[in-house]
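Quick heads-up: the structure tokens below are two forms of one chain, split into structure 1 and structure 2.
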Structure 1
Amino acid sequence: MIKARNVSLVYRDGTVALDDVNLDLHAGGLYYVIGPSGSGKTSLMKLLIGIEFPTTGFLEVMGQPMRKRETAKIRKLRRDIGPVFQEFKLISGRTAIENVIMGMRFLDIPMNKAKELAKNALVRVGLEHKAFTLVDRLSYGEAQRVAIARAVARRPALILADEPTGNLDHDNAVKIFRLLESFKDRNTTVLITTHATHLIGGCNADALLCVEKGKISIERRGGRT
């Protein structure tokens, strides 16, 4: 699913975001990427989705080498990736279901099928009763669940959630973590970044990827890496 060999990412200003990272993450796994703010967690996510590219080393996501010269193939790869952002990136003035449907607008899915997938995703996150509510009128936690529904409606092979609970209270944060964990299956891999390590004590992760100053160490949980 994800293979990294001696991957480093150095930004133009000389900042070393990631330093000599080696990973083998299997399909169908659940992985928490933990570490303090500024440690390199978001930089890893940017590499995995092809926003940034390794300065040195080799990175492969779902069989696709992540190189600048292969951007056309990487754009196609993104169809199988469901990103969840801390800031949601929902479209104001649109309903919950419209926002979920718009997440599939580049996938060549017929509108009737997209509506069906969107409804199913909202049911999965417990918001079917808010499908036609403007996202501006949702609570913070509800808005995050719409963002998750948008990411998972397309049934991606890889879910990347970057600090999805950063602005939520304790109870809602735990609910979001458990919701994201529920999407892990043999065909879907889930990566979640967080600095709130006190909230994941009861998580069912296969491994924790511990990031510190650009270095990543692996703490195995479920017998896989």
Structure 2
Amino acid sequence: MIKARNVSLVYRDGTVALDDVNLDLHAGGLYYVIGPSGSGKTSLMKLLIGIEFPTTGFLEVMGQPMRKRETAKIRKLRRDIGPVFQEFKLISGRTAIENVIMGMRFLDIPMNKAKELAKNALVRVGLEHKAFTLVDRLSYGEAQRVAIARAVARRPALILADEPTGNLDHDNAVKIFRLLESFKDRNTTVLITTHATHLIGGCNADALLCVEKGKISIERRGGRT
């Protein structure tokens, strides 16, 4: 699913965000990426979705090498990824359900099927009553859940959630984690980053990827695979 060999990411200003990272993540796994703020979690997500590219080393996502000159193929790869961004990136001026459908318009999914999937996803995140509300009018937590619905509605093979509990209180944060975990299945790998290590006590992760100043160490867990 995800293979990294001696990957490093150095930003243009010289910041070393990731340093000699080696990973083998399996399809259908649930992984938490943990580490303090500024340790490199978001940078890892950027590499996995092709916003940034490894400065050195080799990275492969679902069999696609992540190289700058393969942007067209990486664009296609993204259709199999359900991203939940730290800042949501919902499209303003549109309703919740329009945002969820937007992630499917350019896929080979007939319109009525897309509507159905979008509705189901909103039910799943507990927001069906806000389906026709403009996303600009939603609370922080609601917008977060719309972003999750958009990511999962199209049944991606890989869900990447970057700091999905951002400003939420303890109970709501745990709810979001459990929700995201519930999308893990045989065909769907889930990767969640968080700096809130105290919240993942009861998680069902297969492994924790601990990020510390750009280095990643792997802590195996039982999981429920």
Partner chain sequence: MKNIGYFLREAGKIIRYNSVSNIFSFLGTGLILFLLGLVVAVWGISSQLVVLLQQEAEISAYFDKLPENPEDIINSIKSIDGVWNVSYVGAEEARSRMENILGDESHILDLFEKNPFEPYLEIRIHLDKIDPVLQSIRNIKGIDYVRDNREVLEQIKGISRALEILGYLVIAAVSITTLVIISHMIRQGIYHNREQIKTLRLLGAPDRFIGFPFVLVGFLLTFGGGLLASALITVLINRGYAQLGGAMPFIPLPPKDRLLLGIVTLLLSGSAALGILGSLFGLSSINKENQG
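In this text, the rigid core denotes the largest set of C-alpha atoms whose superposition between the two forms falls within 1.5 Å. FYI, numbering is relative to structure 1, first residue = 1. What you see is a predicted model, and the numbers here were worked out from it, not measured in a lab.
For the form predicted together with its partner chain, the corresponding chain is the one labelled structure 2. After superposition on the rigid core, displacement of the C-alpha of residue 77 between the two structures stays below 2 Å. Once the rigid core is matched between the two structures, the CA atom of residue 108 is found 4.3 Å away.
The two forms line up on their rigid core, and residue 91 then has its Cα shifted by 2.3 Å between the two structures.
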